[in-house]
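Quick setup: one chain, the form predicted alone, written in structure tokens, and binding and motion questions come after.
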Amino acid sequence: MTKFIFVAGGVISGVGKGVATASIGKILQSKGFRVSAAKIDPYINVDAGTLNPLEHGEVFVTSDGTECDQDIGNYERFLDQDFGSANYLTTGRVYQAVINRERNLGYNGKTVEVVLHIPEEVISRLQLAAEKDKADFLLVEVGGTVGDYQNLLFLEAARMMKRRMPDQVLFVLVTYLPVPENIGEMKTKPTQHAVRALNSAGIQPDIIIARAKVPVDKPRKQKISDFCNVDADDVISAPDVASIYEIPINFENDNLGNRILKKFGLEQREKDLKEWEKLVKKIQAPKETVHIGIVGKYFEIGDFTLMDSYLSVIESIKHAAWANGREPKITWLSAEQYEKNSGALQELKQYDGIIVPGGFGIRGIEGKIKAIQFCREKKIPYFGLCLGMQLAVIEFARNVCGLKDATSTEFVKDSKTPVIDVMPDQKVLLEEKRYGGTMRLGAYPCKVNKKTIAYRAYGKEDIVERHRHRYELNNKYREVLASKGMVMSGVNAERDLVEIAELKEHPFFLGTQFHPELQSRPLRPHPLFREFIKACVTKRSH
């Protein structure tokens, strides 16, 4: 029988529920259990596809084409397994299913109510996810913060599951212990209030993960134990760390895995965290750096930088850098600055490599194109992801092929030189203003040509990569691009669509229509990122 572990967050948003959930899963996996994970997001959106990345962070896409929260990406990276639609719930998705069932007489004429029918739908979906993945444990992250109105129905579903099968459900609360600067003492009162808020939903946490700047000491653990009705040994210290991949090791230092197994009456099976420990030692070991610049536009929010917009890209850079024995130093570069001041492009020389990630809309586009041209001409390793490939094609068409008006129909609808164009089936959807879940999404096969950078990286011809886009390289211009030296090194044979474009006579100049960052794992860096960082390291050594 599957055991269900619900993970909720208290005190502040962004407390780290996602990486805590993934870390608990990694620990249980290391003890020989089959682990799956699910994320519940308490917004009305059916999926994450229409959310603003500056507000919500990156949209992670699974192999089956589900546009979901970035925490699914953390689950995949930590557990090294793929998830899909069954592992992702939103308020919108749950309500939509209940309403559709009611419209189809699925409730046999009964009055359909928020309680119990919405929690019942949640429970049904979680059980299906557990069955699909044949899981010994299903980790369920409840989005939002304890005390929010929005996630009450999901907590109600969790409470109902605990009542129905008390030996199969456990609750973890990830909370925050501030250390006010002027006081200098770690405070437990916010955690006490968070536990009471969870109690008001009918739930008592079994384990409290205590986030703080520094490790939680014994007096604080005892105080939380006394006031929150948990054993002191069930208060797990979660100090800030340099790398999220250290978190499972930290949790195990407080014996979290065995505490969970004991509560379920289970024994550890033969397995360990040795490979993970090797990774952490490699991360922590002093090493030379590799400097990567990311030219984007989804990171400026007021006076702050929102790195979550490109989370998978950042993690992929780290995975590949560590595999190459380097410490990555990432700098955010504003595309709009290059539009205003071309002289600012000179700063690109100080980086070992430049990445232009995916995105939508016209803002900052010309600045990115200028940066790509600079990288091409100055032989700076360049890696373009989705939009980054499309803009590399536009730049090459304009400045090498002489097609001065070359652009994308995303930016100029009636362009006379649309080297990047919308797919015919997408054109209809755009005209009908149907945007959600309607792009080329999920995993598609690609044939890689030999004697190319891409083949050197993958070491094989047949690959499968994940997509999220509407626009493609226009096949009408393939011949002229190829005649001037652009190599179409990867193609989707079924629809004859260019997936990878690269240039010869350059240390590394390659763009992908797909998003390779979605399949990079800490113990298995993505081949293209690994090859890109290798080129960056070579440039730095020269």
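When you see a residue number, it is the position in the sequence shown, counting from 1. Note that the structure is a prediction, hence the values are computed from the model and not measured.
Just so you know, the form predicted together with glutamine (GLN) exists too; it's not on screen, but the next bit is about it.
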{"property": "Close approach of residue 206 to glutamine (GLN) in the model of the complex, 4.5 Å, heavy atom", "result": "no"}
{"property": "Distance check, residue 251 to glutamine (GLN) in the model of the complex, heavy atom within 4.5 Å", "result": "no"}
{"property": "Proximity of residue 26 to glutamine (GLN) in the model of the complex, heavy atoms at 4.5 Å", "result": "no"}
{"property": "Partner contact for residue 410 in the model of the complex: glutamine (GLN), 4.5 angstroms, heavy atom", "result": "yes"}
{"property": "Stretch in contact in the model of the complex with glutamine (GLN), which is absent here, among 148-156, 393-401, 163-171, 352-360 (heavy atoms within 4.5 Å)", "result": "352-360"}
{"property": "Heavy atom within 4.5 Å of glutamine (GLN) in the model of the complex - residue from 93, 220, 468, 125", "result": "468"}
{"property": "Candidate from 443, 79, 212, 386 lying within 4.5 Å of glutamine (GLN) in the model of the complex - any heavy atom", "result": "386"}
{"property": "In the model of the complex: members of 496-515 within 4.5 Å of glutamine (GLN), any heavy atom", "result": "515"}
